[in-house]
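This document opens with one chain alone, in structure tokens, the form predicted on its own.
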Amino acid sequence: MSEKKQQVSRRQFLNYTLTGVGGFMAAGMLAPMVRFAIDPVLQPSAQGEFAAVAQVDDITTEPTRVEWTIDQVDGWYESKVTKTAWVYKQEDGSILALSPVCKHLGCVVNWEGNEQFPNEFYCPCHGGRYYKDGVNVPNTPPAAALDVFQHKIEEGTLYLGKAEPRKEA
């Protein structure tokens, strides 16, 4: 066995030192940039939060348009968004909150929006019609029923959450 000592040459020592220091400095510069770039992804999602929209005593059997504002975070962009729903009490006393967005092309439907179709939601874009419960009238453009907002009632106040498509029966 030869006990030859491995000597590090001056060139090797400088290469190791410069590579280590250069790598440390690059990591120090890149870490804040990477953290800034992925920061919105690391933030907790605000989905599923409910917003107070109306007092339950004020809700009647006639669909009423209610609006509320939420803080929306879309990636790196934060904004305030106004949401809208048609809310009314059904015959059994339960509350139904419907999305006003037509399932055909995304236009906004109005309650009794056309004199020819009383007691229906009407979409003025392509003549889409929905019954009072949000189900689409057969042989009209919309292919699906209006979405329904998640809702809860606490201390006499109606809270609305996310709109969900209806499940097919």
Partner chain sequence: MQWKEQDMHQYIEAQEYVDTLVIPLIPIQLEKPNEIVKHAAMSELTEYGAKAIENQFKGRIFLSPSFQYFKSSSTKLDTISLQQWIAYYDHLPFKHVFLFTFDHAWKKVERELNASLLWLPAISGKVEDAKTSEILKEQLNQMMDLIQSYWQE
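Heads up, when I say rigid core I mean the largest set of C-alphas that superpose within 1.5 Å between the two forms. Numbering follows the first chain given and starts at 1. Note that this is a predicted model, so its numbers are computed, not measured.
The same protein also has a form predicted in complex with the partner chain, omitted here; what follows describes it.
Interface residue remark: His104 is counted as part of the site for the partner chain in the predicted bound form, having a heavy atom within 4.5 Å. Taking non-hydrogen atoms only, Glu115 never approaches the partner chain to within 4.5 angstroms in the predicted bound form.
Although the partner is absent from this view, Cys125 contacts the partner chain in the predicted bound form, with a non-hydrogen atom inside 4.5 angstroms. The closest heavy atom approach of Glu62 to the partner chain in the predicted bound form falls outside 4.5 Å.
Note on contacts: among Val137, Ala51, Val56, Val108, the single residue with a heavy atom within 4.5 Å of the partner chain in the predicted bound form is Val108. Core-superposed comparison between this form and the one not shown: CA of Ile95 displaced by less than 2 Å.
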